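Next comes just one chain, in structure tokens: the form predicted on its own.
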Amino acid sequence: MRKFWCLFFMVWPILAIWLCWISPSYNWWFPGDALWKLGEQIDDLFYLLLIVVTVVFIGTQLALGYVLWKGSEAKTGHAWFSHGSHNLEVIWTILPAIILLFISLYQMDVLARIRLKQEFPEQVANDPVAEVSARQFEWRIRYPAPGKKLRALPQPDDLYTVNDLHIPVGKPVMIRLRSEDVQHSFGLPHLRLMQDAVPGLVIPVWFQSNKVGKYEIVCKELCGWGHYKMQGELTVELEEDYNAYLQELQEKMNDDGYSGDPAETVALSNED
């Protein structure tokens, strides 16, 4: 019976490793290749952490299995008591510290390029394409009018839409990220990008997609009962299509719904 429980507790780590191993073949992994260079570097960091964690996990589970197996063979019911090993405690304190220090230093360059505004590409640092405001439970997007720059305060000719962010392909872009209520998290899984939207803060976020297509915008922070439906769409398109989209959005916003003759409207107004 002792050996049964030993084997029982060892099955689950083996099953976990097997599931991770087959996950890519069942699309239980990244949603395709990263769409820009920094996304690829983020993938590299992820795999580095995965290797470190996997090695530690296998090592600790083997040690646990060994202890359980030896305990199952014990002839006496008395446990062996030990004050521990000073040398072992020094090793498993210093070794994790070295690993964590290495990981911290290794990721600093990528983190700085994503988070520090002074590291943003020069052409986008002060020229956001849109403001994205997170709200329970949608993404509200404000664009500047075609040919104008986005201002910190809304302008009369700004363009608005919901859950529909458009950017030109192959160019770095920056958005201003806000939250109108609770904390949300702006996530672009195909770009490996995630940034918390914090109430009271306006956070610059830059990214780039080198492939045309439509991609998910998701909220990665549990923000309330409707969190599951807080989904938007990122449309990456040619620059001429992007400009045409803004022109079309402007026409829709300026459309008053009247399709008659303007001269007739003036005449009716004069009669009144």
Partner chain sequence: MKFRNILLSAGLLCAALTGCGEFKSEFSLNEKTTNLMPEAEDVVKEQLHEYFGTPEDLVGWLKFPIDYGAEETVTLRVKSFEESASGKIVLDVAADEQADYQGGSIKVSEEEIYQISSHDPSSGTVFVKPGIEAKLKTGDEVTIVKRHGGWKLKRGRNLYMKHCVHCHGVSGDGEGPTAQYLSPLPRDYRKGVFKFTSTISTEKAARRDLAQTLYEGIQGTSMPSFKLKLIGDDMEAMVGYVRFLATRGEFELRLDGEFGVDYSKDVVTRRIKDEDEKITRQEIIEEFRSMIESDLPDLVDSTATILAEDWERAESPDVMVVPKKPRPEPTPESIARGRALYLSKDTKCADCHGVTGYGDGKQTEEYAQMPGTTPPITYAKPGLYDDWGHPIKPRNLHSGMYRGGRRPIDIFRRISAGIKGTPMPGFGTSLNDDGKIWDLVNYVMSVPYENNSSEIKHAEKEVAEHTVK
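Residue numbers count along the first chain shown, from 1. These numbers were taken from a predicted model, which means no experiment stands behind them.
What comes next is about the form predicted together with the partner chain, which is not displayed.
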* the partner chain contact at residue 248 in the model of the complex, heavy atom, 4.5 Å -> no
* Indicate whether the partner chain has at least one heavy atom within 4.5 Å of a heavy atom of residue 145 in the model of the complex. => no
* Asked: Wondering, does residue 254 line up within 4.5 Å of the partner chain in the model of the complex on heavy atoms?
  -> yes
* Proximity of residue 160 to the partner chain in the model of the complex, heavy atoms at 4.5 Å -> yes
* Partner contacts in the model of the complex for 210-234 (non-hydrogen atom within 4.5 angstroms of the partner chain) -> 225, 228, 229, 231, 232, 233
